[in-house]
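Consider the single chain below, provided in structure tokens and representing the form predicted alone.
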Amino acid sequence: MSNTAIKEQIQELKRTLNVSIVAHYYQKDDVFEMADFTGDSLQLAQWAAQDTKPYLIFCGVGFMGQSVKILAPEKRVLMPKIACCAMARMIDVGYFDATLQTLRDAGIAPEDLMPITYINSSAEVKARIGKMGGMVCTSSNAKAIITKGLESGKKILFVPDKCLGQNIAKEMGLVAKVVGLETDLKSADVLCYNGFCSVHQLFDVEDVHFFRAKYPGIKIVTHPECKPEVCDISDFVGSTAQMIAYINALPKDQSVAVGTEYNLVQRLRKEHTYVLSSTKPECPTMNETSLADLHETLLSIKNNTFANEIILPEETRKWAKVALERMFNL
């Protein structure tokens, strides 16, 4: 079946099944175009939780579908592919407990920590953070969440993305240390778990120098999941939504090189916009979802088989929601 025919069937199934489709910015174009709403992980979770339709298909990675289920347990949430974000997979409850033990060995007790998890984490990790009195953050509100966390008088334990933690700490004039990589952990205000985004790690200082030499006056725009040394020499650093707004506000003839996922960069502007890497920075898990997968998921609703439905234990969902609501309350 051709892509055109599949798209027509998808539109018809959406109408007859009373289902909404959401897609993350990093999805392939043909999947992205089928969505009723597009955005970053938090925007999608918030929109989907308020959507009145009983069925939702989430085109993204696993923790994103879980976030909708956490916020709207009555909704049936399905994913064409339950792809696992590589960063989210770097932290689980076992690794979290091992990190707490490493900090105990360094003389830092769990009760002296305020844990904060980036939204790129599993429901189980969010639940553990919630039980410890901690919060969830996104790349756009990490500074506000860390500021709030510091009011407790405790050190921040930031998981799983060390780069986001380091970049925000530097912006705030705080000392950040990566657990397992650095010593003198007691001197840190922010203790960062040693996780990272495999896509945003592709961008290097040499890439910035290359584009500035080739295109005088070019703007360098990067995501805070990039290495601190890359963010330090960028013209603008921001979340996905913040980058989009910044780039769209630039004059159309302003050249810009962007350090984030390939699919998003390709959609931003057709001219004067470049990917800040000689290697194609394509997220492998985001790109697992195909148009055919989306079609099959819709058919599973029609046939009452509900493929790849997101199911969470109530105890996990309850405490993960506590961690998310602490963020929303700010």
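Residue positions are given as counts along the sequence shown, with the first one as 1. Only a predicted model underlies this, so the values are computations on that prediction, with no experimental measurement involved.
A second form of this protein, the form predicted in complex with ligand 13P, is not displayed here; the remarks below concern that form.
Segments offered: 249-257, 108-116, 167-175, 218-226. Contacting ligand 13P in the predicted complex at heavy atom distances within 4.5 Å is 218-226. With a 4.5 Å cutoff on heavy atoms, S277 does not count as touching ligand 13P in the predicted complex; it lies far away. Remark: N120 counts among the residues lining ligand 13P in the predicted complex, judged by a heavy atom distance of 4.5 Å or less. Contact annotation for H24: at least one heavy atom lies within 4.5 Å of ligand 13P in the predicted complex. The closest heavy atom approach of K162 to ligand 13P in the predicted complex falls outside 4.5 Å. Residues of 26-44 placing a heavy atom within 4.5 Å of ligand 13P in the predicted complex, in sequence order: Y26, D40, S41.
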